[in-house]
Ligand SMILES: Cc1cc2nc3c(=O)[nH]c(=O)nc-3n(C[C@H](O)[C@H](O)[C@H](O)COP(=O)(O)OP(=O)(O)OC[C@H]3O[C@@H](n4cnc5c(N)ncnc54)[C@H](O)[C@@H]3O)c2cc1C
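So this first bit is one chain, no partners, the form predicted on its own, shown in structure tokens.
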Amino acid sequence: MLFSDIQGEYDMVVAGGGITGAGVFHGAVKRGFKVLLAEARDFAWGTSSRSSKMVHGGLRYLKQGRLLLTRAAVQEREFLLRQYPGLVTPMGFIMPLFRHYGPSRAAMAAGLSIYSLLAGERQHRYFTQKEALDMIPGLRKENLLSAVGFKDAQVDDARLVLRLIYDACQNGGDAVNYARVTGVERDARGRVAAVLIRDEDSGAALEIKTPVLINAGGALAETLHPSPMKGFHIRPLRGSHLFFPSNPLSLDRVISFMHPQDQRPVFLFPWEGVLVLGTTDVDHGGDVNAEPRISKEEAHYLMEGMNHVLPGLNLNLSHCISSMAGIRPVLSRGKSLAASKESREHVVWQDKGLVTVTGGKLTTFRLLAHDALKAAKPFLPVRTPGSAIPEDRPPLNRISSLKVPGRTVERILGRYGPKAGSMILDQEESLLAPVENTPDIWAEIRHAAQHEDIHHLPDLMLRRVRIGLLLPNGGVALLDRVESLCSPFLSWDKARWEKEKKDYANLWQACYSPPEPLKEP
């Protein structure tokens, strides 16, 4: 959608196009409201494209005694697995258990028994020392007792956000990226009457009449609505990851382990054909408006933990393909509590039609949306829920005639929903081939340029598809072919294309390239 297409009046405006804003937008449109979602950068630009890609039941919260949060997360995980197959996929986890290090078998048994009870089925099993060594390549044998396996799930986080947004647009919602909500106008009673929005590309401004503004700005939420609770503010915490090639190591599950330095959980997991190591949890001292970058200290921390538990992998930073860092909007009363011990529960603030929702986690985004819409209800008109657009599932006989693996079809169905049919059936066969050794196909790149609001190359390379994370140098070597595919749909002249390619290469090098190792003292 173009900025110039924005209408003058809506039942609700949602500020923020991450998972929380997308969830609110999707939920409000389903309830029949006329809604505009406005994102200041690109959809999923922030935390929601930079997570650990896990849809999980919150096993760690059992240790903190938060049974209700764990139960809610388990229920949401099961819903998302049913609702978005091919996008949200089951994933096994395995955690090695050591003598004098990390959780004991008794502690894990107690926690996982509760976990299974909350899930309504057995979610775990135990492995002997020998089985653990066979299943986990390079695992440390010293002091190894056994291992425990359990169920959870995985997602392409950015594509989940985009699926929610574009499904809602199919049902009548409006969504625009690079459009910043800059202020709120109120009536004589102090209620929200309008919001001010600025086009970040052109500088043009609009005033939109609306009785409700949902502030889902993540780490920037307090710029629109400061916390009403004294001493309780957003604490930006950075979580970073490293990406490695999957070959020659073949991994079909997440390896979860406790870091020897601080006993925090760290994961090595397969995702989109690569291996991902993460995450960290440190205070982010930089500008939350700017692209975050993993620090050398974080990279050293992650490598130290992996090499302690998995010394036989012989991985080092020279093998790293790329890196990624994101900022979590965690609510805090200060820095007296260790970053990793801060609560991930969400809060909702309501101020006469201005509803702020922040905190929370990816898995429970629907609960955040529900609570935000509940807070907004007194200010909204009465509407009749809309009817859902049926999935455009391509005929099986036509799919079978294509030279496309079944897993690619399932993947496209999960990521594109109602638009999956045209994605698979209306493309040239050459565009159904994978992009290098990634799961992405060339048709997705052309589809994104034609239908998915691309303003700049990072939108395409880092979020619509993920080849900027999956390929060496961010896939810069492919940009000429990307240009040839996308030029018919993007109004960029040759000079603009050259600038976009240069800017993307510079951004990737500055914020997504493999970090340099710490220098020896």
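All residue numbers are counted from 1 along the displayed sequence. Not measured: the values here are computed from a predicted model.
The next section is about a form of this same protein that is not shown, the form predicted in complex with the ligand.
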Item checked: Contact label in the predicted bound form: Asp42 to the ligand, heavy atom within 4.5 Å -> yes
Next item on the list: Verify the contact flag for Arg328: yes if a non-hydrogen atom of it lies within 4.5 Å of a non-hydrogen atom of the ligand in the predicted bound form, no if not.
Entry: yes
Check: Is Gly46 close enough to the ligand in the predicted bound form to count, meaning some heavy atom within 4.5 Å?
Finding: yes
Check: Heavy atom to heavy atom, is Leu462 within 4.5 Å of the ligand in the predicted bound form?
Finding: no
Margin query: What I'd like checked is whether Ala38, Ser52 and Gly217 together line the ligand in the predicted bound form, meaning each has a non-hydrogen atom within 4.5 Å of it.
Written below: yes
Checklist line | Segment that reaches the ligand in the predicted bound form - one of 446-454, 234-242, 124-132, 95-103, heavy atoms within 4.5 Å | finding: 234-242
Check: Quick one: of Ala175, Leu302, Ala179, Leu162, which gets a non-hydrogen atom within 4.5 angstroms of the ligand in the predicted bound form?
Finding: Ala179
Notebook entry, point to check: Of the options Gly417, Pro292, Gly360, Gly353, which one has a non-hydrogen atom that comes within 4.5 Å of the ligand in the predicted bound form?
Noted result: Gly360
Checklist line | in the predicted bound form: members of 1-24 within 4.5 Å of the ligand, any heavy atom | finding: Ala15, Gly16, Gly17, Gly18, Ile19, Thr20, Gly21
